[in-house]
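One chain comes next, on its own, written out as structure tokens in the form predicted alone.
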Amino acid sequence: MAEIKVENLKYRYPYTEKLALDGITCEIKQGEFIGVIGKNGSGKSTFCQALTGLVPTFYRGAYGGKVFIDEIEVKNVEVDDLCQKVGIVFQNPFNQVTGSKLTVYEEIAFGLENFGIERSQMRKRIDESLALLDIAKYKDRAPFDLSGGQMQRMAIASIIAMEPEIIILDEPTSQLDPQGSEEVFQAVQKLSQKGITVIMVEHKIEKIAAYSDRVMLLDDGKLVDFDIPQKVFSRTDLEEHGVVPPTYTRIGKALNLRVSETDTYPVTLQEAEQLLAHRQE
């Protein structure tokens, strides 16, 4: 059974006339790594907030349709209770840091303390999340002494330590350099492999193509496509929806490198090399 089920989800922010989400229906299975793409204003962040209950509980506005997590309708659950099942990492880490803790270690411990996690278990979770995001060396630093990228990894670590069943990341690598971005994607992939459902909004298309199990394409609040990366990025109208295909997809189209059975182009270097080798046989 799907872990997340969305039925005809519609939403309009207060004092606006246009729908931010317009009839979205989809299912997301446990342990999937879902990439969410689309141009600015397409509804990506609003969709994520609807999965956490922030829409409509916090933002109010007009809301229709249903969102279920493990057969529980999200709008009927308190946001505080939902936090134990769904964790969200925002684009700007300053929105996530409490400002009340003196060290990175204490900042990551904050949510665990609120949930009453036993101390030895708390230390174990914190140490594991610090290691996973490669920020153990900063554990005694003040949170606001970190760089933007380091602070974002701390924010992700604080969510990972809570061990939610679903992790939503809204452009988590926007302030990271290429190496930092790769580290975050690898860390998140490990979580997915452990059975945690990952939903990531991201403009770094190459990374989404390489790591996602499926890709959700949104435009103007509507769900345009939801399929494996090869099929979504092989669409002929992709750029009309404000998305530039990955480099190796564009190369594949130029060289007519495609999988005949599915009529799709490669999305990664490895796939392009395999298709070239097959052509030369």
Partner chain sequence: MKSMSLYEEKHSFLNKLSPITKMIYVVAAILIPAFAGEKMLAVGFMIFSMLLLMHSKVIRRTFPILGVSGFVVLTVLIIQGLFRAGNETVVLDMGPVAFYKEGLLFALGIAINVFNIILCFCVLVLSTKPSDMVEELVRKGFSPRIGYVFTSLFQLIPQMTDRMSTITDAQKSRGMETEGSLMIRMKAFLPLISPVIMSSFIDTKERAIALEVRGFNAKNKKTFLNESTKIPVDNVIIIILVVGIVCSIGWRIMTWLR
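Residue numbers count along the first chain shown, from 1. So that the term is clear: the rigid core is the largest set of C-alpha atoms that superpose within 1.5 Å between two forms. The model shown is predicted, which means the values in this text are computed figures rather than measured ones.
Only in words, not in the display: the form predicted in complex with its partner chain, which the text now covers.
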Inset, instruction - Although its partner chain is absent from this view, report whether Arg119 comes within 4.5 Å of it in the model of the complex, heavy atoms only. - result: yes
- Query: Heavy atom to heavy atom, is Val79 within 4.5 Å of its partner chain in the model of the complex?
  - Reply: yes
Even though the partner isn't displayed, in the model of the complex is Ile108 close enough to its partner chain, meaning a heavy atom within 4.5 Å? yes
Discussion item. Contact with its partner chain in the model of the complex for Ser181, defined as at least one heavy atom pair within 4.5 Å: yes or no?
Written reply: no
Only one of 188 to 196, 140 to 148, 206 to 214, 166 to 174 has residues with a heavy atom within 4.5 Å of its partner chain in the model of the complex, and that stretch is 140 to 148
Exactly one of Cys26, Ile228, Ile251, Leu54 comes within 4.5 Å of its partner chain in the model of the complex through a heavy atom, and that residue is Leu54
Its partner chain in the model of the complex has a heavy atom of only one listed residue within 4.5 Å, and of Ile135, Val201, Ile126, Val74 that residue is Ile126
Residues in 91 to 108 that come within 4.5 Å of its partner chain in the model of the complex by at least one heavy atom, in order, are Asn92, Phe94, Asn95, Gln96, Val97, Thr98, Gly99, Ser100, Lys101, Leu102, Tyr105, Glu106, Glu107, Ile108
Discussion item. With a threshold of 2 Å on the C-alpha, tell me if Gln175 counts as moved between the shown form and the other one once the core is superposed.
Written reply: yes
